[in-house]
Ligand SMILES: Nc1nc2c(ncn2[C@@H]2O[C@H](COP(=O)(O)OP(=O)(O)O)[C@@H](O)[C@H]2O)c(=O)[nH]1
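Quick heads-up: it's one chain on its own, the form predicted on its own, in structure tokens.
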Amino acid sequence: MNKKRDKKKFKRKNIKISNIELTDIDQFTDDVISEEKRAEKKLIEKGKISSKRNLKLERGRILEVRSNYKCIVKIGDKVLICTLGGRFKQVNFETKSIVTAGDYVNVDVSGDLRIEEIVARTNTLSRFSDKDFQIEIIIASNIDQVIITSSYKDPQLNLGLIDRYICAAKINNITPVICINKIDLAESLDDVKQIGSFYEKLGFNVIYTSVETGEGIKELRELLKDKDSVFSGHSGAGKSSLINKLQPELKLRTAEISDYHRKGVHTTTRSRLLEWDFGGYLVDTPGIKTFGLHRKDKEKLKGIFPGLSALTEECKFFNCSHSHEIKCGVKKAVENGSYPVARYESYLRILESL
């Protein structure tokens, strides 16, 4: 029985061969071989500004991104459907989508409405996939504050998700506001405020709301006035119901909590920029059950996680991660009860995930 000879596997290089004269064989290097040039994705910097001539550009803002490279854009008082220029499909964007709700864009209005330029963003609120190669999923851009919405009950208050949102907001220079909704389901408002007091003592705005009783709605409206805000948080927390209470004309779709697992179900399927009648904009986002940070921000975590930076003076090591080191100021605070165990465990979970 004849065995087949194993074929040697090798990667073929794209090269051009030309006649050259070698005067000294010792001076021959690989630089003499030139690789064949192939089409490749353009860098983001090369894709920001259009090089086309005779364009009639007008500034607008994306209200919603739809399929097939279509976007709803507000230009002045008009709301128009615009198409992304083909050039953007060749740009090496390191995100799942090219544009997002809240982006300012320059639209060529001389013919078919075409987005030709994306104006530099002041900030973005993004989440990242949990896969080995983390893909950025931009939720919104150019915003002032994120309203971190969580319900007291049905679904249960998720402080770990609030912690993640606070960290993401701080990384991107966005003001975090904590909104604890459905407080009418609590036996006592004092019980709810006791939970929120940890964040209030650290200087965060915490608002307690109920769509059923109307409590906290006026305070929330004043905070939203003339600002661009993102409503985001756990599915089923009541974001759409709150928005409908603030401005009934929007008529956002709402849904009940799943009877099977008592968690929220998605009612908003994509991010949308909506205008308040009392001034400012909101970005209504799909509810999410997980909110991943990027691994590149791991070193920033200890400086931005709520309440940790004030405890680091007693750390023996200047680069203490507050996880395994001896003589750690944070661990000492946890042991003597001056820092909540639950919040420290939340910090460790985020640190481990990165």
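Residue positions are given as counts along the sequence shown, with the first one as 1. The structure presented is a predicted model; accordingly, all values stated were derived computationally and were not measured.
Not on display, but discussed next: the form predicted together with the named molecule.
Of the listed positions (Ser126, Ser229, Ser235, Asn142), a single one reaches within 4.5 angstroms of the named molecule by any non-hydrogen atom in the model of the complex, namely Ser235. Though the named molecule is absent from this view, in the model of the complex it lies within 4.5 Å of a heavy atom of just one residue from Arg164, Arg272, Arg114, Lys182, which is Lys182. Mapping the unseen interface onto this chain, Val211 counts among the residues with a heavy atom inside 4.5 Å of the named molecule in the model of the complex.
Contact with the named molecule in the model of the complex, judged as any non-hydrogen atom within 4.5 angstroms, is confined among 203 to 211, 77 to 85, 276 to 284, 156 to 164 to 203 to 211.
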